[in-house]
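The chain below stands alone and is given in structure tokens; this is the form predicted alone.
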């Protein structure tokens, strides 16, 4: 019989038993940092940009010299020179003078704004300005992007191309990141095959699905392959994986019944802390510790296995690598009523209709295509008996 916990208690237990298993820290070049997790805050050593610069092609001016300018009465300023891109602005503009400048050019001393070239005419050393500008209009000021001493990236940030760009802008070429946790994936089932399936057999999906999901979280994956529903074979596979992996995921063999061997194997080699979470899909989930390493037993159905990974296994990864908490990425309203089973927290893949409303994609746990069709998923609390049309819901990324 399953010993069922609610998901909050299951996650808290996982965090408690694994938070000390941090995989260690190493330094990497930012060229190789994409997909890694920052192990410390990145504090900016300088202002970005390091100087006031214009965002338009035109003329650098003292804004006060343009006040009152219009189409019929333009301001007339003497052109003191030109500031080229990538060069220091050596000019010191006095009142009544301006300087030609290109987008990104350094604002010279004495200037505090830029006039777009479209609003000017020039002839015989004079610039006619037909539109006034406010102080610092069309200007990016020193430190507007990132200020010196500001925390530019926080510990636990998953580095993507955009974060790599921030590091490059700060002149940081190496960063401290968590070592990639090594996670082994074992798929079990007499009906699971790696080649062409015969009648009654199905292709191995979970090895590929879970391995890809782990890599998205910065893990190094050990793909053990498919193991038959035999206790000695599963036990041997687990022992072999534990020799090199930091954690092990076993998919299949977790449903209550004659083939319920995973929990017994974990309990024999170590300790199984729970077998069952009050969630749909994913109720027959197992968690235990063997040789001070976490072992997760996931359902065999791919959709259920994915949701358990996304909502349970990732909490282990968040704990050891200080990843940010899981939050909805945006909110929307339900397009129709949704019934639910009281007592089990439910997770539904959803799409947005033409009115940007949430439409659930109801499916059985063995169906995998719904993951590629969905815009995300919603959470229905375990004490809800359903949700009404128009309810505002948070949508989470898959």
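Positions refer to the first chain, counted from 1. Owing to the predicted nature of the structure, the values given are computational and were not obtained by experimental measurement.
There is also a form predicted in complex with adenosine monophosphate (AMP); it is not shown, and the following applies to it.
Proximity of residue 234 to adenosine monophosphate (AMP) in the predicted complex: non-hydrogen atoms within 4.5 Å are absent; the residue sits far from the partner.
Contact check for residue 252: a non-hydrogen atom falls within 4.5 Å of adenosine monophosphate (AMP) in the predicted complex. The closest non-hydrogen atom of residue 192 lies within 4.5 Å of adenosine monophosphate (AMP) in the predicted complex.
Contact check for residue 301: a non-hydrogen atom falls within 4.5 Å of adenosine monophosphate (AMP) in the predicted complex.
Taking the partner from elsewhere, every residue among 187, 202 and 206 has a non-hydrogen atom within 4.5 angstroms of adenosine monophosphate (AMP) in the predicted complex. You can rule out all but one of 123 to 131, 67 to 75, 274 to 282, 293 to 301: in the predicted complex, only 293 to 301 has residues with a heavy atom within 4.5 Å of adenosine monophosphate (AMP).
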